[in-house]
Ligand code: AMO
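Take a look at this single chain, the form predicted alone, given in structure tokens.
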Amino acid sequence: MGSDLDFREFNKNRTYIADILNLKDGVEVELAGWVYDTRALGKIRFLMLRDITGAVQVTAVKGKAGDDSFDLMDRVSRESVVYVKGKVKDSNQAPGGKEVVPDEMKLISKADDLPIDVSEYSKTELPKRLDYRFLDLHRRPVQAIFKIESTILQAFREFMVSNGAMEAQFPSIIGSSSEGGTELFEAKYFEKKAFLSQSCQLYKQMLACSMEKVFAVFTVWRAEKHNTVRHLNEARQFDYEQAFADEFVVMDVLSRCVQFIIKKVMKENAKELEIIGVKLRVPKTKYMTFADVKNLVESKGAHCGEDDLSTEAEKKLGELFPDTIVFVHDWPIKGKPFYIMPKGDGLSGGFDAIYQGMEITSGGQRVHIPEILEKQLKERGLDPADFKSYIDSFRYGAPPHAGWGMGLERLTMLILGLQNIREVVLFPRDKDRLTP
């Protein structure tokens, strides 16, 4: 099937379907894509052909000399891959006002009966769609999500480079916990015990103390046995760290970064946003202390928490301040990791950022004084000896510094208004899913 097609020549001559709208009647084109649908009307057969740029109607008439496209259309299955060579024709009846009349059609790859519905209006439940994710990716709304996520990823890098930051790569295999309380996936590392990293936190701090501004797109693993619509056991994280900075400096960087990302999506993904029915607004920013947030949400009947924001409190902030990044600072030190700088009176230099009713970022000013680090580690039941190289890195001229981490998938989910984080992960990994 399709073995006689010269793909090197085809790629020289190929026309993408989105470009057909700009071609004149009678122009010859070569197309390849997937069969979205077929239908018959007497001696005419219609085939909707889809590639990554769009779809076009291919129309064949029975009995056309030297062409077996009519017969092939009659037996080809949905999502089969076909090659079409033919001419563009203006047509008031065809979607988009253009169709292609084939002179030649070849079946490249035949699709078996489909286990899930891949139409634009699929009613297949998410778990089954994820079982067949490779096929679910044929759907235009799903493709739109991942095109937008790709823009978000590239926009983050573009913003960071323009902000003078250096991209870094950090190890994913570590010898002890990066954050203390989070469960870790254990791995055998020759004769030693190792873990999959749940954060590049300690490494990006060490690098910022020499390179000043650093960022990373880092894969994190967290072994909590949760099963929620907002958590994953494997996720991608945007990380940023800056020397000579406190929490307010990096909060400003974060707000400008998110605004830049959303503007980029609005500019470059207008078509995809339309496909999934999303209208974006560039978010405003608002700064509130943890105490002020606690008083506000509790006055509105929502439970807050003593040293952390409850899911209910985050949701209430989203309702009160839509399309706004709410920075919650002056956080209780008890609610923050050992590496966050204490400020006295039980407060810290830590913050959370809430957007669309959910936390997108946790960060703050870091501890750069070894004695304070050792003290806070012990207070949390951790052994400073396990963090010796990290602590020692601050004994040789470490400036005050601050940073944050922001989940790519969670940010994408909230920007697009989706209800389950698995919608924005190509192949999710959670407590119950390890395939495909």
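Start at 1 and count along the sequence shown; that's the residue number. Keep in mind it's a predicted model, so treat the numbers as computed, not measured.
The form predicted together with ligand AMO exists for this protein as well; it is not shown, and the discussion that follows is about that form.
Looking at 291-299, 207-215, 361-369, 266-274, the stretch with residues near ligand AMO in the predicted complex, meaning non-hydrogen atoms within 4.5 angstroms, turns out to be 361-369. Not one of 147, 260 and 423 comes within 4.5 Å of ligand AMO in the predicted complex, counting any heavy atom. For residue 239, a non-hydrogen atom is located within 4.5 Å of ligand AMO in the predicted complex, even though that partner is not displayed. Using a 4.5 Å cutoff between non-hydrogen atoms, residue 45 does not count as a contact of ligand AMO in the predicted complex.
Contact check for residue 390: every heavy atom lies farther than 4.5 Å from ligand AMO in the predicted complex. Taking the partner from the other structure, ligand AMO in the predicted complex has a heavy atom within 4.5 Å of a heavy atom of residue 406. When ligand AMO is considered in the predicted complex, only one residue from 232, 118, 142, 341 comes within 4.5 Å through any heavy atom, namely 232. Comment: ligand AMO is not present in this chain, but in the predicted complex one of 197, 356, 151, 201 has a heavy atom within 4.5 Å of it, namely 201.
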